[in-house]
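The chain below stands alone and is given as structure tokens, in the form predicted on its own.
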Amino acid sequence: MRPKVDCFIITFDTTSHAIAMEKYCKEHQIKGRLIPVPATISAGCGICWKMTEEDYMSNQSQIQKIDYKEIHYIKL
């Protein structure tokens, strides 16, 4: 079993917002990936963007440009 690590989870109201995040991050070389929303978080569309703490901190200003619902700091 993989050890849990601290990460940022970005949730969205719609799947189209989640896909837009993925596209934006690919275009701007921001690391992360779409995953199912963890059971500990409640979110509208069922998918979210997961990224490391380091990647989030170094790209925080760019991420603020995306339409998202909430940002969670959790251990996954």
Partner chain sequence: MIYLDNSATTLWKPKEVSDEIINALKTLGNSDRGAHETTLMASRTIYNTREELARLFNIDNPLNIAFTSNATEALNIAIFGILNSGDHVITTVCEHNSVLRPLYQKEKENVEISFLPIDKLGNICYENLDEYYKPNTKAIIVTHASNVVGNVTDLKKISDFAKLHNLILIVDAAQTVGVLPIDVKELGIDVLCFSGHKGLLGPQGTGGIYVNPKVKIRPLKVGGSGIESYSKNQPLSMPTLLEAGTLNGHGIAGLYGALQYLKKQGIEKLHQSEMKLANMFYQGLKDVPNITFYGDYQAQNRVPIVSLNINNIDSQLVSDWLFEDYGICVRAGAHCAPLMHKALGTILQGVVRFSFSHSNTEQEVELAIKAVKELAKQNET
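Small disclaimer: the values here were computed from a predicted structure and weren't measured. Basically, rigid core = biggest C-alpha set you can superpose within 1.5 Å across the two forms. Numbering follows the first chain given and starts at 1.
A second form of this protein, the form predicted in complex with its partner chain, is not displayed here; the remarks below concern that form.
- In the predicted bound form, its partner chain sits within 4.5 Å of a heavy atom belonging to T14.
- Residue contact with its partner chain in the predicted bound form: P38 places no heavy atom within 4.5 Å of it.
- Contact check for K23: a non-hydrogen atom falls within 4.5 Å of its partner chain in the predicted bound form.
- Using a 4.5 Å cutoff between non-hydrogen atoms, I30 does not count as a contact of its partner chain in the predicted bound form.
- Residues K23, L34, I35, P36, A43, G44, C45, G46, I47 are the members of 23-51 with a non-hydrogen atom no more than 4.5 angstroms from its partner chain in the predicted bound form.
- Relative to the superposed core, M51 undergoes a Cα shift smaller than 2 Å between this form and the one not shown.
- Between the C-alpha atoms of I19 and A43, a gap widened by no less than 3 Å is obtained in the predicted bound form, as opposed to the form on display.
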